[in-house]
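Here you get one chain, nothing else, as structure tokens; it is the form predicted alone.
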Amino acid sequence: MSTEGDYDCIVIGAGVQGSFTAYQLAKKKQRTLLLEQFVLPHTRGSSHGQTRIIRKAYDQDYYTVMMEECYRLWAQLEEEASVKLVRQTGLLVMGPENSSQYQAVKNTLQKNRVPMVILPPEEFSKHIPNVNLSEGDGALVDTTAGVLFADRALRAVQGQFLKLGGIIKDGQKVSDIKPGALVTVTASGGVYRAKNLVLTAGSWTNGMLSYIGLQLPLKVLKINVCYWKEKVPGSYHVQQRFPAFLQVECPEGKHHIYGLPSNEYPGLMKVCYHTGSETHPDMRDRQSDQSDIDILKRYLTRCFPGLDPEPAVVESCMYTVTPDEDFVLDCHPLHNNIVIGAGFSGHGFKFGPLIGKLLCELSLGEVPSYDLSPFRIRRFPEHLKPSL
């Protein structure tokens, strides 16, 4: 097996977080290698698919604050790559008026002066046709929100990385990592060395961490990505100014339900349940639980009468979830030149440009642009003790 020349940094995992990290490192004149286990492009991880929601509507203040810069960084990539990546549609947030979660989202938007519109129940149907607002629910619109074109974004950032002199090697399954002043990565196509390593391996993170004496409390979930047919074509279409939506705390299930206006597939609206059944990333398609689809059928029958309550298309994705659903952005506890980005818990894609910047800063030993205390590994002390 050949040994490649040394690099300033190796990034393992060419999803959205790894690709933006590699891009940021290349902008800092770092000789950077981006390794991906699958042949690109692929649909085996968490970064594929045509669309994601982009929003500032969060119940945690730090995410809303971080999203301000994310929007600027997405716009910067649009300009650099000459491609449209974000379409503003607004995000309709619905939930029990007096619930802690709905109120937290509302308060966070107000505190951070995010442009928003409150929709009184008596005026709801005038502004949002073809949706039944649940009795007792409040509704607001984060007007800054919209749809992010995910596949297009991934191609754009990887293209810019290559233009900056970065190197992408796909089809490279990693089989060992040896820490040291130079980190050595053994993969199926060669042995690579670098001063710094960034791990952004998504659902395969703990497999990579096992080589360097660390495990994190990460749960891998298979997500059924469902598309539902409009009974009247165009009823929920983006060109009819129908927004993306987020339903918190509904009777049908314990987790959020979210949707995007019909656009990706003609006449189909993407509506998903924000959780799934636990799986192994290499055996994702063996997981056949459809209890989430049953929840969506009941919800759509009640609240979206203009959709056929049987999914027309079901695709697959994976979430890698931490116990608190906050990210992991930190250095390895024993090896400062190994940086970990993980646990994006189904809401990390929109943060890709900023996460790349933060992981780059950690890798270069710079002071991070934001307080990373919510994202530190030490918040899981019980998982540190056995490995260290």
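The structure presented is a predicted model; accordingly, all values stated were derived computationally and were not measured. Start at 1 and count along the sequence shown; that's the residue number.
We do not show the form predicted in complex with a small molecule, though everything after this point is about it.
Although the small molecule is omitted here, in the predicted bound form none of 92, 230 and 243 has a heavy atom within 4.5 Å of it. The small molecule is not shown here, but in the predicted bound form it comes within 4.5 Å of a heavy atom of residue 12. In the predicted bound form, the small molecule stays beyond 4.5 Å of every heavy atom belonging to residue 62. Not displayed here, the small molecule is kept clear of residue 357 by more than 4.5 Å at the level of heavy atoms in the predicted bound form. Taking non-hydrogen atoms only, residue 73 never approaches the small molecule to within 4.5 angstroms in the predicted bound form. Residues of just one listed stretch (118 to 126, 222 to 230, 283 to 291, 306 to 314) have heavy atoms within 4.5 Å of the small molecule in the predicted bound form: 222 to 230. With the partner removed from view, the residue among 108, 160, 263, 172 that has a non-hydrogen atom within 4.5 Å of the small molecule in the predicted bound form turns out to be 172. Contact with the small molecule in the predicted bound form, judged by any heavy atom within 4.5 Å, is made by just one of 153, 201, 197, 269: 201.
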